[in-house]
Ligand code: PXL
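First comes one chain, alone, set out as structure tokens in the form predicted on its own.
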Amino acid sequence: MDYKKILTIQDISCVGQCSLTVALPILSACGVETCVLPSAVLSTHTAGFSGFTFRDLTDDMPDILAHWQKETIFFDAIYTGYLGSEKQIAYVLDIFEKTSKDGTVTIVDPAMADNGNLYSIFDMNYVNAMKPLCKQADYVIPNITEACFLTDMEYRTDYDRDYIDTLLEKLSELGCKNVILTGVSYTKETTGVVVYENGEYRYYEHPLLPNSCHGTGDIYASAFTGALMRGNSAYDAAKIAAEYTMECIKVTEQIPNHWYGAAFEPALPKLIELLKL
């Protein structure tokens, strides 16, 4: 049995269905061993909650890496999500180097922006620190806003294929090997994901759902990573992740007052079905 070991590095929001509390169960449901490196612990996520607690775990990261090196621990894949500072990005680059082996796949979700704006705690120094990490990744999973910040392109809500092609070309010039560009909508009724692998463009389109949920980017990136490590092609993994994320949104819509995240757990059987496990 081919049993992959994946490390995911991101924060823990104890309540809110995002980051590690999404990545760990989704990757586990994909049938892969999931190891975690928490970058911070928050009582809740920061969107819609007030007075949340926050404990920064940046200074623990080098000691954790040193112990892994002592124990000769390596990973088949390393997947990063939300990272809280430039210092953490630098530590992650070191982790990439020292816990990879032949064939290790690295996946970066540069979770830092949406809807044309950076998250409130980030600035262009953070964006510039993220660029080398994206360059080192085998797969980068930005939304259009994040791709624009990484490439210094103007963010648009009204665009065509030429605009997306230019964005992908600039990401390639930055050093991104393969890009999974999410939230690409060429019509008002549809959205989808572009898989730009080895210079080849492929697009998976699906209906645009009327509602959205916090944390769907984490759901998507986690499902993509799990599907990829189960042996699916990047395009098939992108399609599986999109269909599963849509199912999570549909399930959440049926739950009253579930405003803080996506109910991904009831939809896990759908993911397992898509993976044909």
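Don't overthink the numbering: it's just position in the shown sequence, from 1. A quick note: this is a predicted structure, and the numbers were derived from the prediction, not measured.
In what follows, reference is made to the form predicted together with the ligand, a form of this protein that is not presented.
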Task: 4.5 Å heavy atom contact, residue 214 and the ligand in the predicted complex - done: yes
- [ ] With heavy atoms only and a cut-off of 4.5 Å, decide whether residue 107 touches the ligand in the predicted complex.
- [x] no
Open item on the list: Would you classify residue 36 as touching the ligand in the predicted complex, given a 4.5 Å non-hydrogen atom cut-off?
Closed with: no
TODO: Report yes if any heavy atom of residue 47 sits within 4.5 Å of a heavy atom of the ligand in the predicted complex; otherwise report no.
DONE: yes
Task: Triple contact flag 13, 18 and 82 to the ligand in the predicted complex, non-hydrogen atom at 4.5 angstroms - done: yes
Task: Interface segment, criterion being heavy atoms within 4.5 Å of the ligand in the predicted complex, picked from 243-251, 37-45, 23-31, 58-66 - done: 37-45
Open item on the list: Please tell me which of 77, 195, 134, 111 lies within 4.5 Å of the ligand in the predicted complex, judged by heavy atoms.
Closed with: 111
Open item on the list: Looking at 186, 201, 119, 163 here, can you tell me which has any non-hydrogen atom within 4.5 angstroms of the ligand in the predicted complex?
Closed with: 119
